[in-house]
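Take a look at this one chain, the form predicted alone, written out in structure tokens.
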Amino acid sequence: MKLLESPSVYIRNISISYQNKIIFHNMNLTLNGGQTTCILGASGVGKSTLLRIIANLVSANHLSQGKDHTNASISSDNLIPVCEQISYIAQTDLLLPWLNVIDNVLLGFRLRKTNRKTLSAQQSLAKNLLKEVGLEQAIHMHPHQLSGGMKQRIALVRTFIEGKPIVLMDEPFSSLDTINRFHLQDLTANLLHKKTILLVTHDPLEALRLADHIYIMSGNPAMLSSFLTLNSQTPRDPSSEEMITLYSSLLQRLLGR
């Protein structure tokens, strides 16, 4: 079955508790197809947990408890299970230490027992992408030989090459220096153009550069509030007058002022 390039995703009435603490109660969010939605919020508020729920990585024992939660659902407008359409990049790189860089990038294809012709084509693409992120000389190195920033770039390449229509990104640029962060943001905006993306970040400027829709998560239980919808093309110039004004406004909102 062919996947749509950019399905919309509907998160409805999601409730979750952990160790008797309610994290979400009837959480609702729509991810517009082909656009980037960004969530900002304090550490520990539940941003990563929401990503894990959407990716079907949270035990059902913690979800949809109680009569008022029976309508909880995560669906897409192409009627294909969302978890089958997702590439997910976590806060940690999740590289396998016994595989070299190129094999880590192609791990998903090998696990799916992709035929030799397709695997060869993907290997060529992987090499080109690794060159894009400045790692063309590292393809035969192993994770223990790499810096944290290099590992994060490899995790990004692995996400890009999967070609899924929905991409969940949890602080994907957090371990990068400023120059590499900006370069990878630009590359992400280009390679994931027209994908449906949910980006979690602590960086207001990153949100303003990449997002079409920005939400702020706060409270206990956590709630989402819409902050801004942007219609201009990404990645945006952080030095523009508009971005400087929006950055100030967003920072004030995050500080509760």
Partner chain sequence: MNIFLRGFILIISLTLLWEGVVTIFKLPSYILPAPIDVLKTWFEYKNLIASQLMTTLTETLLGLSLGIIFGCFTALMMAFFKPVTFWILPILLISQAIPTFAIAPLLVIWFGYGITAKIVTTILMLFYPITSSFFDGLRRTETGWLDLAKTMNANKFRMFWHIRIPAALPALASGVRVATAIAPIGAVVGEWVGASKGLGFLMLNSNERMQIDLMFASLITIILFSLILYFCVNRLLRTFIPWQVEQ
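On a predicted model such as this, the values are computed, not experimentally measured, just so you know. Numbering follows the first chain given and starts at 1.
The same protein also exists as the form predicted in complex with its partner chain; that form is not shown, yet it is the one meant from here on.
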{"property": "Of Leu176, Leu95, Leu135, Met169, the one that lies within 4.5 Å of its partner chain in the model of the complex (heavy atoms)", "result": "Leu95"}
{"property": "In the model of the complex, the one of Ser48, Gln35, Asn26, Asn56 near its partner chain [non-hydrogen atom within 4.5 angstroms]", "result": "Asn56"}
{"property": "Partner-proximal stretch of 182-190, 119-127, 72-80, 104-112 relative to its partner chain in the model of the complex, 4.5 angstroms, heavy atom", "result": "104-112"}
{"property": "Candidate spot Asp212, Phe227 and Arg253, all three touching its partner chain in the model of the complex (heavy atom, 4.5 Å)", "result": "no"}
{"property": "Contact test in the model of the complex: Tyr88 vs its partner chain, heavy atoms, 4.5 Å", "result": "yes"}
{"property": "is_contact(His202, its partner chain) in the model of the complex, heavy atom dist at most 4.5 Å", "result": "no"}
{"property": "Contact label in the model of the complex: His144 to its partner chain, heavy atom within 4.5 Å", "result": "yes"}
{"property": "In the model of the complex: members of 210-226 within 4.5 Å of its partner chain, any heavy atom", "result": "none"}
